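Form predicted alone, single chain, as structure tokens, below.
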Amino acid sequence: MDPNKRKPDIIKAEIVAESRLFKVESLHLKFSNGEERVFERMRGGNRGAVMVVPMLDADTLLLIREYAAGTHSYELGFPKGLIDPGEDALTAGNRELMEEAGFGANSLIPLKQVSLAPGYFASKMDILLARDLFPEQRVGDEPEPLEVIPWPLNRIDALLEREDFTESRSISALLLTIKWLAEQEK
């Protein structure tokens, strides 16, 4: 793709629906070839979010089981949450780890910033690897205590086969962690 390709011109932008969490924006766009289209996208607060892959030790990940309203089920995944005003991704990641898993990390390693459905959302999530953990529990915004589940690295295939480990960001975070760990062994 041509890195100099011009973005479409926004002819009109308007909020067409709004909830407590989201705003739906209608965009009337004109592309460089003259074509016009109307797209809709979800506008968030642009605060960003974090997901943390905690390693209890060299051979064990920590997962949490948390209620997922979108699927009305309990899902296994990694601690995650929004970046609060005044926080950077590392500070937010450590706070979320303390609130959701009961640990802090002496070492937080940025793995990658990812997007979720960029055709519809502008939000970004920083995926972090947490190492050298220490017990530290903080009160978060969860409506019920989260179950923390140690998971051995040598059972990753079994984790990927589970019906309650389906969130694409958690799967991405897991694969990025495995890649990072393999690079460290070289």
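Note that residue numbering begins at 1 and tracks the sequence as displayed. These figures come from a predicted structure and were not determined experimentally.
Omitted from view is the form predicted in complex with another copy of the chain, to which the following refers.
Interface residue remark: A58 is not counted as part of the site for another copy of the chain in the model of the complex, having no heavy atom within 4.5 Å. Though the partner is left out of this view, R37 does reach within 4.5 Å of another copy of the chain in the model of the complex, counting heavy atoms only. Within this chain, S107 is remote from the site of another copy of the chain in the model of the complex, having no heavy atom within 4.5 Å. Residue contact check for N154: none of its heavy atoms lie within 4.5 Å of another copy of the chain in the model of the complex. Residues of 94 to 118 that come within 4.5 Å of another copy of the chain in the model of the complex, judged by any heavy atom, are K112, Q113, V114, S115, L116, A117, P118 in sequence order.
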